[in-house]
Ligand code: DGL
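As C-alpha coordinates, one chain now follows by itself in the form predicted alone.
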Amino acid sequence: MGPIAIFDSGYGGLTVLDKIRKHLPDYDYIYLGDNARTPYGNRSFEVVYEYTKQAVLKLFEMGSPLVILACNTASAKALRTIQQNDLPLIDLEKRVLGVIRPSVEKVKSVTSKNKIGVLGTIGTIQSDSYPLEIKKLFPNVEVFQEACPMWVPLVENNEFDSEGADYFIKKNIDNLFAKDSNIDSVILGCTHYPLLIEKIRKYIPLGVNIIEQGQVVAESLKDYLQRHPEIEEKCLKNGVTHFFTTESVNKFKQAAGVFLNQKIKVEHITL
(Lines give C-alpha, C1' and ligand atoms only; values in the text may rest on other atoms or scores of the structure.)
Protein backbone atom coordinates (compact mmCIF):
# COMPACT_ATOMS: atom_id res chain seq x y z
CA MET A 1 0.00 0.00 0.00
CA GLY A 2 1.11 3.56 -0.64
CA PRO A 3 0.05 7.14 -1.37
CA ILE A 4 -1.55 8.47 -4.54
CA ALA A 5 1.13 10.44 -6.39
CA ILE A 6 0.61 13.75 -8.19
CA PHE A 7 3.40 14.72 -10.59
CA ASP A 8 3.94 18.03 -12.35
CA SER A 9 6.85 19.76 -14.03
CA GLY A 10 6.39 22.66 -11.61
CA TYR A 11 3.76 24.17 -9.35
CA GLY A 12 0.62 24.02 -11.51
CA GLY A 13 -0.30 20.52 -10.38
CA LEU A 14 -0.87 21.94 -6.91
CA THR A 15 -4.21 23.26 -8.21
CA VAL A 16 -5.12 19.67 -9.13
CA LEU A 17 -3.91 18.32 -5.78
CA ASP A 18 -5.99 20.95 -3.99
CA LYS A 19 -9.22 19.83 -5.69
CA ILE A 20 -8.40 16.12 -5.31
CA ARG A 21 -7.82 16.49 -1.57
CA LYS A 22 -11.14 18.29 -1.19
CA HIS A 23 -12.92 15.47 -3.05
CA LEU A 24 -10.93 12.63 -1.47
CA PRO A 25 -9.61 13.92 1.88
CA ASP A 26 -9.01 10.53 3.51
CA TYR A 27 -6.21 9.39 1.19
CA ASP A 28 -2.45 9.88 1.46
CA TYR A 29 -0.72 11.86 -1.29
CA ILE A 30 2.77 12.57 -2.61
CA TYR A 31 3.29 15.69 -4.69
CA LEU A 32 6.44 15.82 -6.82
CA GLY A 33 7.40 18.95 -8.74
CA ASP A 34 10.30 18.71 -11.20
CA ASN A 35 10.99 22.40 -10.67
CA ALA A 36 14.69 22.11 -11.57
CA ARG A 37 13.77 21.24 -15.17
CA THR A 38 10.57 23.20 -15.63
CA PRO A 39 9.02 24.26 -17.95
CA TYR A 40 8.30 21.17 -20.01
CA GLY A 41 6.11 23.05 -22.49
CA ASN A 42 8.85 23.96 -24.97
CA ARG A 43 10.80 20.69 -24.75
CA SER A 44 10.76 17.88 -27.31
CA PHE A 45 8.59 14.78 -27.04
CA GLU A 46 11.68 12.66 -26.33
CA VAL A 47 12.89 14.85 -23.45
CA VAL A 48 9.45 15.18 -21.85
CA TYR A 49 9.00 11.42 -22.06
CA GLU A 50 12.38 10.73 -20.40
CA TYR A 51 11.80 13.27 -17.61
CA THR A 52 8.29 12.01 -16.95
CA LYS A 53 9.37 8.37 -16.94
CA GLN A 54 12.11 9.18 -14.40
CA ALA A 55 9.52 10.82 -12.14
CA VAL A 56 7.07 7.93 -12.47
CA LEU A 57 9.76 5.39 -11.62
CA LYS A 58 10.79 7.42 -8.57
CA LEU A 59 7.18 7.65 -7.35
CA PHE A 60 6.73 3.90 -7.83
CA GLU A 61 9.93 3.35 -5.79
CA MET A 62 8.37 5.52 -3.07
CA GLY A 63 5.47 3.08 -2.90
CA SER A 64 2.77 4.79 -4.91
CA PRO A 65 0.38 2.41 -6.72
CA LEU A 66 -1.16 5.22 -8.78
CA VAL A 67 0.48 8.26 -10.39
CA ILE A 68 -1.50 11.21 -11.78
CA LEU A 69 0.36 13.26 -14.39
CA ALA A 70 -1.04 16.66 -13.38
CA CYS A 71 0.90 18.25 -16.22
CA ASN A 72 -0.72 18.72 -19.61
CA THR A 73 2.60 18.55 -21.45
CA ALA A 74 3.57 15.28 -19.74
CA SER A 75 0.06 13.91 -20.37
CA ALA A 76 0.31 14.94 -24.03
CA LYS A 77 3.85 13.80 -24.76
CA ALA A 78 4.57 10.91 -22.38
CA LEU A 79 1.45 9.28 -20.92
CA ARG A 80 0.51 6.99 -23.78
CA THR A 81 4.05 5.63 -24.23
CA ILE A 82 4.43 5.00 -20.50
CA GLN A 83 1.05 3.26 -20.31
CA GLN A 84 1.53 1.09 -23.39
CA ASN A 85 5.28 0.39 -23.47
CA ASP A 86 6.70 0.88 -19.99
CA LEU A 87 4.07 -0.21 -17.46
CA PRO A 88 3.91 -3.80 -18.77
CA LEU A 89 7.67 -4.05 -18.12
CA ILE A 90 7.69 -2.14 -14.80
CA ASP A 91 4.65 -3.39 -12.91
CA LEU A 92 1.33 -4.51 -14.37
CA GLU A 93 -0.43 -3.72 -11.10
CA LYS A 94 0.49 -0.01 -11.04
CA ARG A 95 -1.32 2.75 -12.94
CA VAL A 96 -0.47 6.12 -14.51
CA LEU A 97 -3.28 8.52 -15.45
CA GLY A 98 -3.31 11.98 -17.07
CA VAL A 99 -5.38 15.16 -17.10
CA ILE A 100 -6.33 15.42 -20.78
CA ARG A 101 -8.83 12.56 -21.05
CA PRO A 102 -10.99 13.68 -18.08
CA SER A 103 -11.10 17.23 -19.49
CA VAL A 104 -12.14 15.94 -22.91
CA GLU A 105 -14.85 13.70 -21.46
CA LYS A 106 -16.40 16.81 -19.91
CA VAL A 107 -16.80 18.49 -23.31
CA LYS A 108 -20.07 16.91 -24.41
CA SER A 109 -21.93 17.96 -21.28
CA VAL A 110 -21.05 21.65 -21.64
CA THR A 111 -21.10 22.46 -25.36
CA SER A 112 -24.30 23.26 -27.24
CA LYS A 113 -22.72 24.54 -30.47
CA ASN A 114 -20.06 21.79 -30.76
CA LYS A 115 -17.30 24.40 -30.86
CA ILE A 116 -14.57 24.09 -28.21
CA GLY A 117 -11.59 26.32 -27.51
CA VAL A 118 -8.35 25.16 -25.88
CA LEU A 119 -5.88 27.47 -24.14
CA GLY A 120 -2.54 25.84 -23.30
CA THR A 121 1.25 25.91 -23.40
CA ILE A 122 3.11 25.74 -26.70
CA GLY A 123 3.95 22.07 -26.08
CA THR A 124 0.37 21.06 -25.35
CA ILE A 125 -1.03 22.95 -28.33
CA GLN A 126 1.63 21.66 -30.74
CA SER A 127 0.97 18.09 -29.62
CA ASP A 128 -2.65 18.38 -30.84
CA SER A 129 -3.60 16.08 -27.95
CA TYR A 130 -6.89 17.83 -27.25
CA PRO A 131 -8.18 17.90 -30.86
CA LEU A 132 -7.14 14.27 -31.39
CA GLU A 133 -8.76 13.07 -28.16
CA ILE A 134 -11.92 15.11 -28.74
CA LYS A 135 -12.26 13.80 -32.31
CA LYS A 136 -12.06 10.23 -31.00
CA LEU A 137 -14.92 10.72 -28.55
CA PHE A 138 -16.95 13.45 -30.25
CA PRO A 139 -16.30 13.53 -34.03
CA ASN A 140 -18.76 16.39 -34.61
CA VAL A 141 -17.05 18.81 -32.23
CA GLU A 142 -14.77 21.45 -33.76
CA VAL A 143 -11.66 22.43 -31.77
CA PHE A 144 -9.83 25.76 -31.91
CA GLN A 145 -6.53 26.22 -30.08
CA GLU A 146 -4.39 29.09 -28.83
CA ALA A 147 -0.92 28.78 -27.31
CA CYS A 148 -0.33 31.09 -24.35
CA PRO A 149 3.46 31.09 -23.77
CA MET A 150 3.42 33.94 -21.23
CA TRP A 151 0.72 32.66 -18.89
CA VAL A 152 2.83 30.17 -16.90
CA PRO A 153 5.72 32.66 -16.36
CA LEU A 154 3.17 35.22 -15.14
CA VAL A 155 1.92 32.77 -12.53
CA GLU A 156 5.32 31.46 -11.45
CA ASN A 157 6.72 34.99 -11.10
CA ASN A 158 3.72 36.03 -9.01
CA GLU A 159 2.61 38.50 -11.70
CA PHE A 160 -0.81 36.96 -12.27
CA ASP A 161 -2.56 39.98 -10.76
CA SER A 162 -0.60 42.61 -12.72
CA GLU A 163 -1.56 44.83 -15.65
CA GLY A 164 0.93 42.88 -17.76
CA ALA A 165 -1.12 39.75 -17.11
CA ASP A 166 -4.22 41.55 -18.43
CA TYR A 167 -2.42 42.37 -21.67
CA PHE A 168 -1.35 38.81 -22.45
CA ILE A 169 -4.58 37.16 -21.27
CA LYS A 170 -6.76 39.48 -23.32
CA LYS A 171 -4.49 39.07 -26.36
CA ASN A 172 -4.62 35.26 -26.32
CA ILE A 173 -8.35 35.07 -25.63
CA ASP A 174 -9.04 37.57 -28.43
CA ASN A 175 -6.86 35.46 -30.76
CA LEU A 176 -8.82 32.33 -29.85
CA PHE A 177 -12.25 33.86 -30.47
CA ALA A 178 -11.03 35.47 -33.71
CA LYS A 179 -10.75 31.90 -35.02
CA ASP A 180 -14.48 31.34 -34.37
CA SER A 181 -16.77 33.66 -32.43
CA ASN A 182 -19.22 30.79 -31.81
CA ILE A 183 -16.92 28.91 -29.43
CA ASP A 184 -19.15 28.18 -26.44
CA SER A 185 -16.77 26.32 -24.11
CA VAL A 186 -13.07 26.70 -23.34
CA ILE A 187 -10.73 24.13 -21.79
CA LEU A 188 -7.99 25.61 -19.63
CA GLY A 189 -5.34 23.19 -20.81
CA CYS A 190 -2.75 24.00 -18.16
CA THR A 191 -2.92 23.50 -14.42
CA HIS A 192 -1.42 26.96 -13.76
CA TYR A 193 -4.36 28.73 -15.35
CA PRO A 194 -6.82 28.54 -12.40
CA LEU A 195 -4.68 31.20 -10.70
CA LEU A 196 -5.54 33.48 -13.64
CA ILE A 197 -9.24 32.60 -13.52
CA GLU A 198 -10.51 36.07 -12.52
CA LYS A 199 -8.76 37.72 -15.45
CA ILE A 200 -9.75 34.89 -17.81
CA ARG A 201 -13.40 35.39 -16.86
CA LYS A 202 -12.95 39.12 -17.41
CA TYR A 203 -11.99 38.68 -21.07
CA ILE A 204 -13.87 35.54 -22.13
CA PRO A 205 -17.27 36.39 -23.67
CA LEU A 206 -20.29 36.12 -21.41
CA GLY A 207 -22.01 32.74 -21.44
CA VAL A 208 -18.91 30.78 -22.47
CA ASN A 209 -18.28 27.71 -20.27
CA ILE A 210 -14.84 27.36 -18.70
CA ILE A 211 -13.54 23.84 -18.00
CA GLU A 212 -11.04 23.91 -15.11
CA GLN A 213 -8.97 20.76 -14.84
CA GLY A 214 -8.61 20.48 -11.07
CA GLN A 215 -12.31 19.95 -10.48
CA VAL A 216 -12.71 17.67 -13.49
CA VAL A 217 -9.69 15.50 -12.62
CA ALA A 218 -10.79 15.21 -8.98
CA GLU A 219 -14.26 14.00 -10.00
CA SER A 220 -12.72 11.61 -12.54
CA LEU A 221 -10.29 10.16 -9.97
CA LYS A 222 -13.07 9.56 -7.48
CA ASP A 223 -15.01 7.69 -10.15
CA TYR A 224 -11.90 5.76 -11.22
CA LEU A 225 -11.23 4.51 -7.68
CA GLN A 226 -14.84 3.39 -7.33
CA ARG A 227 -14.59 1.45 -10.60
CA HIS A 228 -11.17 -0.05 -9.79
CA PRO A 229 -11.26 -1.47 -6.25
CA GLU A 230 -8.08 -3.44 -6.98
CA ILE A 231 -6.21 -0.09 -7.17
CA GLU A 232 -8.23 1.70 -4.49
CA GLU A 233 -7.46 -0.91 -1.83
CA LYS A 234 -3.72 -0.26 -2.34
CA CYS A 235 -4.05 3.46 -1.52
CA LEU A 236 -3.17 4.49 2.03
CA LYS A 237 -5.79 6.48 3.94
CA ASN A 238 -4.26 8.58 6.70
CA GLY A 239 -5.04 12.01 5.23
CA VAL A 240 -1.33 12.82 4.94
CA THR A 241 0.42 14.70 2.10
CA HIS A 242 4.18 14.82 1.47
CA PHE A 243 5.75 17.35 -0.89
CA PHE A 244 8.96 16.93 -2.91
CA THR A 245 10.80 19.19 -5.35
CA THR A 246 13.87 18.76 -7.53
CA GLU A 247 14.81 22.41 -6.97
CA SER A 248 14.87 24.87 -4.05
CA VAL A 249 12.84 23.81 -1.02
CA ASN A 250 12.34 27.41 0.10
CA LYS A 251 11.23 28.52 -3.34
CA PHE A 252 8.72 25.67 -3.45
CA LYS A 253 7.35 26.62 -0.02
CA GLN A 254 6.75 30.18 -1.20
CA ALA A 255 4.98 29.02 -4.35
CA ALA A 256 2.84 26.54 -2.43
CA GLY A 257 1.70 29.43 -0.26
CA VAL A 258 0.30 31.04 -3.42
CA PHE A 259 -1.16 27.88 -4.98
CA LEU A 260 -2.50 26.20 -1.82
CA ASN A 261 -2.73 29.10 0.61
CA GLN A 262 -1.05 27.05 3.33
CA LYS A 263 2.36 26.41 4.85
CA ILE A 264 3.87 23.05 3.98
CA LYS A 265 6.94 20.91 4.64
CA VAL A 266 8.98 20.15 1.53
CA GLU A 267 11.86 17.77 0.86
CA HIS A 268 14.42 17.92 -1.93
CA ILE A 269 14.60 14.93 -4.26
CA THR A 270 16.84 13.94 -7.18
CA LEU A 271 15.53 12.21 -10.30
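Residues carry their position along the shown sequence, with the first being 1. These figures come from a predicted structure and were not determined experimentally.
Just so it is clear, the following notes concern the form predicted in complex with D-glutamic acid, a form of the same protein that is not shown.
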Which pick from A78, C190, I116, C148 sits with a heavy atom within 4.5 Å of D-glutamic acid in the predicted complex? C190
Answer among 204-212, 32-40, 52-60, 229-237 for heavy atoms within 4.5 Å of D-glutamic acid in the predicted complex: the stretch 32-40
Partner proximity in the predicted complex: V152 to D-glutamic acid, non-hydrogen atom cutoff 4.5 Å: yes
Quick one: name the residues from 108-128 with any non-hydrogen atom within 4.5 angstroms of D-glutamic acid in the predicted complex. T121, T124
